[in-house]
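One chain follows as structure tokens, the form predicted alone.
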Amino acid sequence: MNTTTLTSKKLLQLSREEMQTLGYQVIDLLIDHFDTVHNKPVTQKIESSVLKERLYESIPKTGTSTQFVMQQLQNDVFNNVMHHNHPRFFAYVPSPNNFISAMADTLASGFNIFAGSYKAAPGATEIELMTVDWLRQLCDLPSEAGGLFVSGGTMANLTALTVARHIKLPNEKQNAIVYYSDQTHSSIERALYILGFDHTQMRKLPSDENFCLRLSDLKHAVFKDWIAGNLPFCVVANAGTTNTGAVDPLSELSDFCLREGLWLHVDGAYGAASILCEQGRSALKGLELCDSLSLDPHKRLFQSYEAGCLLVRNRNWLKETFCMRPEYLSDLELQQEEVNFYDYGIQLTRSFRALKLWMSLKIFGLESFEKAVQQGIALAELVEENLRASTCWQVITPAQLGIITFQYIPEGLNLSLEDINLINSRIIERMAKDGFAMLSTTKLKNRLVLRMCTINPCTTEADIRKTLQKLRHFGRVEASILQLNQQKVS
């Protein structure tokens, strides 16, 4: 039986020595994680019944030693997670955070900073204002633009669409229509439902052969709605889709939205940070013309969860949308130049999320981030080069902003699309069980394809080549199994 070792007489506090002991344990654990994660399996599978049996217990009435709790965390929690910062985590969109970011979160949490009001944390407010402005400058938005840090892309999109509704639809939203492509992230539809729009007000338009929004289709849909007496008010464009890394025609969409009086929101959660390198700036031409932009520093800017950001073309739109003056906040009235971030977004209580990006940029410098972003794009191009050199792979969409999709197609076999989809699905299953690397699948025009997102700056060319070798091996195994089963049936 584990009994408490706490000696402090004060409630819910540790002695200085106890704090030091626990603090060293935490820091040592984190250092070991960052230093050795590349040697660990990307993911490990444990049965939920086993984990529940290990972790479930009644509320403890007396305390347990910190050493025991830390050991339990190590064994049953930290050893049973997907390592999103692993150099061979290529699934979804990775979150390859850095040690500075983790330490910044420790500081923000330890000092328990309330980053909602200026008077509560003037230094934190100024750092967030400055860090937001750094992002504004990088995205080439006008000087009157501004924004705030939020939990991630979902909350950034929800906040942006709330502002769009307030500015464009001050009185009536019943017939208001929003337009986006079939490659748009699901968080957009979720946000619209939260805001009270139903499916009849959402126009999900088919993407073109490059999985981009067609301007001609958008024009046709908008004019059709005008004629029908509806109220087009917002277009959502993609600056790097999750599926393929595709970028919608931002400049052309901006011109059209400006002519028609429509709000242009750009979802750049993963892709917008590509603007740090030359290829990204070319692909994202027109990004600076948006009315609002979501981007996630916990993706392409290598920060720990949670770190999303919303930028809007005129910072005053945020305050116009969210500012309220309840009586219990009357003590927090401001000087004209001061900012209460709870007036600029959905959250009243909010943490100091900006600290980690600010510290990372201060300590590493922007040039390091530029090189890291460029490397992620180059690695996806390396994947494409290797795939095209082999006869068993078919590139479905080329490398775009660090994402590439492809299929394993066995040589010499006459297989249906259903068979090919099955083989590729099982390749991913085998790779997940193997643990060396992690990929994900997606569907593009009825094809189940393999998808790699190569944005981790710790990923090496050797990681890429070894991963492709394993994928090819698993493809051969699955093709042989399928062929054998077909022979048994015939």
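Residue indices: 1-based, along the sequence shown. This is a predicted model, so every value here is computed, not measured.
As for the form predicted together with a small molecule, it is not shown, yet the points below apply to it.
Contact check for L253: no non-hydrogen atom falls within 4.5 Å of the small molecule in the predicted bound form. Under a 4.5 angstroms non-hydrogen atom cutoff, the small molecule in the predicted bound form has T154 among its neighbouring residues. Heavy atoms of A164 never reach within 4.5 Å of the small molecule in the predicted bound form, leaving it off the interface. Remark: H185 counts among the residues lining the small molecule in the predicted bound form, judged by a heavy atom distance of 4.5 Å or less. The partner is not drawn, yet in the predicted bound form one stretch among 165 to 173, 416 to 424, 264 to 272, 350 to 358 has residues with heavy atoms inside 4.5 Å of the small molecule: 264 to 272. Note on contacts: among S95, Q400, T242, T405, the single residue with a heavy atom within 4.5 Å of the small molecule in the predicted bound form is T242. D296 is the sole member of D296, D291, E128, D105 with a non-hydrogen atom lying within 4.5 angstroms of the small molecule in the predicted bound form.
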